[in-house]
Every structure is written in C-alpha cells, then in structure tokens.
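Below, in structure tokens: the form predicted on its own, a single chain.
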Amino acid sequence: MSVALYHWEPNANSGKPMLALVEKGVAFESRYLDLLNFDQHKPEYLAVNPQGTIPAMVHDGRVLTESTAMMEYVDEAFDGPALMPAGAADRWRVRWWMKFMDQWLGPSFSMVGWSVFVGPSVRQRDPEELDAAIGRIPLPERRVAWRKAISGNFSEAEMAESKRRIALGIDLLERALGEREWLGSDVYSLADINGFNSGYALPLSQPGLANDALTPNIMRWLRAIYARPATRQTWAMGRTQMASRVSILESEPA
C-alpha cells in the first residue's frame, strides 16, 4: 500500500482527508504545497492534478481529488475505526451536513478568509510575478477568485451575503448539536471532520456569534474534536500562522 497526500495547511479542504487518514491510522507521505507560493499551479503538481486544486491523494497509482469524496474513499478503502454511521438515516444526515458545509457554508467561510488572510498575505509581491502566477491557474473561476482576493475586490454584496450565511449556519449548527453529541449522528463521523476543518476558528473569526454564552453546543463540539489525538497529530503538521489559530480551543469555558 502506498499513499501520498498533496495538501496545504490542516484546515478547510486539505484538512479533511488529512484528519480522516490519521483517524483511520493510515500512514501516508505528506507532500506539503505552499498555497501562498502557488505551488499547486506549478508543473510538478499539475502533472498529478491538472486542475491545480488541492488536496489530491495518490493511492497505489490512483489519483483522487475532491476532499469530501476523498474522505469517503479513505473510510471505505482502509481498515480502522468506521467514520460513517451504520444506519441509513444517520448516513443521510452525515451527507446532508457535508453537502451543506461544502456548497453553502464553507464558501462563505472561504470568502471571508481569503479577504482577510490569503489576499493580504500575497498582495505585497511583485505585481508582474503575481499576474504571471495567476495566469498559470488552470481553472478560470479560480483565477477570478485569486484576483479578487489579491485586489480586495470582493463586493459589499458578496461579503454581506457570506456574513448572512455564516450567521444562519452557526444557528443551524448550534441547534443540531443540541440534539445529539456529534453533528451527523450519535457517533463521531466524517460530518464532524468536515465541519471542524471549516469551523474550528469560529470563536476567533466570529466572536460575537460563536462563544460559550451564545453557542455552548458548538463550543463543546469543537473542543471535543480538538482534544482527539488524531486532531492534535494532524494540526501539528501545519506550517503557518493559520494552524496556530486552532489554539483558541484550548481555552476553558467562561
């Protein structure tokens, strides 16, 4: 068995297959790509994934992309603790939450993150160098996103809609986690891995919406996932200040 994972920091999309592999106890070769240096658009990586998106996993010569589908592959292809519940209704709920995070709430987290972290982190570079790097991005929609992040040109309407979705998403998460210990069912699952990697920094990025007083269920859930040995091992693989943000979960409830 040979597993190589191409990834950035252990959050968002990269963090999902990283944490799933560690939870399953699967040894893998970590191939770190510096997203802020556009490693994902260099010829070496495009030979692996021509779309230039991360993460990507190579298992016995098979290239897999799309982080949520990769998590399900990891759960089914390898021995170790099951990360999907047994019941049909619980499996439906896990997949519902993963789709909600991927298609509805996650993009809003991403837009805010790109506007306050990714864009400012790279916009001080030489303009011609940046323009050339963006020109090498295979997917046109990703070129648009990078140009908006670098120039700070997310519109007021776009940002307002993202903030509205985040507020609504926090309310839905809080209510769901008041009904059960974990997000998708009564057992830890891929839904929790997916949700954590997008929402781990909510008490830092949205302190007025996510805190011990207003969202005790979310805070309990985030701390429980952060306390897992697999989570600690995964986040130790981070190399930027992005990874250090998870330390906000070390604080005790107020």
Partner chain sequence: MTAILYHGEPNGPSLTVLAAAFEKQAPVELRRIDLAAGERHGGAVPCPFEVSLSIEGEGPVLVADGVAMADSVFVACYLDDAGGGPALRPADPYARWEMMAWCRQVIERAAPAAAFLGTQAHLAPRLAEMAEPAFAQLTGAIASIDLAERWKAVRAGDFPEAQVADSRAKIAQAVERVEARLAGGRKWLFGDFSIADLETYSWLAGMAALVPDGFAGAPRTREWLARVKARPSVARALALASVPAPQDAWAPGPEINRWG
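Note that this is a predicted model, so its numbers are computed, not measured. Numbering follows the first chain given and starts at 1.
We do not show the form predicted in complex with the partner chain, though everything after this point is about it.
Screening 31 to 39, 64 to 72, 212 to 220, 196 to 204 for residues having heavy atoms within 4.5 Å of the partner chain in the predicted bound form returns a single hit, 64 to 72. Shown here without its partner, the chain carries Trp8, Leu83 and Ser121, none of which come within 4.5 Å of the partner chain in the predicted bound form through any heavy atom. Using a 4.5 Å cutoff between non-hydrogen atoms, Ser110 counts as a contact of the partner chain in the predicted bound form. The partner chain is not shown here, but in the predicted bound form it comes within 4.5 Å of a heavy atom of Gln103. Though the partner is left out of this view, Ala145 does reach within 4.5 Å of the partner chain in the predicted bound form, counting heavy atoms only. In the predicted bound form, no heavy atom of Arg136 sits within 4.5 Å of the partner chain. The listed set Leu130, Ala167, Ala77, Val116 contains one residue whose heavy atoms approach the partner chain in the predicted bound form to within 4.5 Å, identified as Ala77.
Using a 4.5 Å cut-off on any heavy atom, the residues of 83 to 98 that reach the partner chain in the predicted bound form are, in sequence order, Ala88, Ala89, Arg91, Trp92, Arg93, Arg95, Trp96, Trp97.
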